[in-house]
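Here's a solo chain for you in structure tokens, the form predicted alone.
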């Protein structure tokens, strides 16, 4: 593949850049670039702005309302959005469950759910992990028993999910549930779409180390789910789950965002002093930044190679992107903390939530960095831990 942008690609980049300069609200841009917390209304507002332009679903086929862009143009768009400081389009609807519905859902499910995902009419969350079933996802215990009744056939779901990101806002959850206990564990799983307003669902917050309410426990107590909400065939959910995880891991790489954060790191480090000189001119610190930048450049080339070969079904290469992308993201936060030193340590929730204009420590760049650092410890765990990804690479790429 040719990794250089051609004239048409450069013209497209200019078009995207011009659009973002005109349409990205200044308050959203400020929050993103200053590492402040985003709230539900921030995500929804930006989603709807992009939806109006028809640019929400860059990876979808045009028949479903996607852009139909080439891999190169999708990469350019993601890079320009990151560069401008847009809120991310949350992946649970657009990039995770939607590809599963397109590939394995029936026509009624496509007709109903896909337009609603495009317009952000529903906020989605993911019901995969359970207590004791994280990396060993196939061991899930949440049960769904099929009941035939005059009111309409349905499943009765009982069990618990955990680490459910932003479930407190969710209208819908896509869930892996066990529908057969008498077969090999991967063969007794089904994929259900569940309305979060259904009686019997309880959401409890898990407050993380950065004191943010991002993840939750979700309990199901005799929750009735219409059989029409089953994706594909019963007991074939493991196939759909792996398909979804491939899409999730490809997106976790987040090269554009890492490039933006690298520029922040360089700028911030250049403003800090060590031995009466810029920290960025310190040979030891500079070498750490240089190594990270080289790794990021290599990741970007790898992402372009993978997505240019994308057949719509991400393969084990997505595990490579997930591992390296998350390692780089975590390393960025570590070098930011090293640059900020003690100025990053005071916890200033009011500043993070936008309730005060400036931080209590007097360094608005440094104030969010500890929270940012702690939040990114999760990246090497979610989407399948990096240890699991190494097993996948060993078995499916190296053939060992």
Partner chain sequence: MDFNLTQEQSQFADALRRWVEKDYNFEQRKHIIASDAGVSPSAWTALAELGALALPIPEAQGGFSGTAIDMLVIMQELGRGLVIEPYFATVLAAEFLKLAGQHDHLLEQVASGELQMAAALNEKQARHELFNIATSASQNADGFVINGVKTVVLHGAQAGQLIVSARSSGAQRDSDGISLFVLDANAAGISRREYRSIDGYRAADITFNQVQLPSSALLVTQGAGWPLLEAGCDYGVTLLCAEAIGVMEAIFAATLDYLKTRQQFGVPIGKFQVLQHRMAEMFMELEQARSMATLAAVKLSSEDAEERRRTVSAAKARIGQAARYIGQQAVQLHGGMGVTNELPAAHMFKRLTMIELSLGDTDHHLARFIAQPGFKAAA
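Residue numbers count along the first chain shown, from 1. Quantities reported herein were computed from a predicted structural model and do not represent experimental measurements.
Same protein, other form: the form predicted in complex with the partner chain, not shown, and the subject of what follows.
The partner chain is not drawn, but in the model of the complex it has no heavy atom within 4.5 Å of residue 316. Taking the partner from elsewhere, residue 378 is found to have a heavy atom lying within 4.5 Å of the partner chain in the model of the complex. Heavy atoms of residue 209 reach within 4.5 Å of the partner chain in the model of the complex, making it an interface residue.
Taking the partner from the other structure, the partner chain in the model of the complex has a heavy atom within 4.5 Å of a heavy atom of residue 279. Contact with the partner chain in the model of the complex, judged as any non-hydrogen atom within 4.5 angstroms, is confined among 44-52, 60-68, 359-367, 23-31 to 359-367.
A single residue from the set 134, 232, 87, 91 has any heavy atom within 4.5 angstroms of the partner chain in the model of the complex; that residue is 134. Put simply, of 168, 72, 272, 179 only one has a heavy atom within 4.5 Å of the partner chain in the model of the complex, and it is 272. Residues are counted as partner-facing when one of their heavy atoms sits within 4.5 Å of the partner chain in the model of the complex; in 366-399 these are 370, 371, 373, 374, 377, 378, 380, 381, 385, 386, 387, 388, in sequence order.
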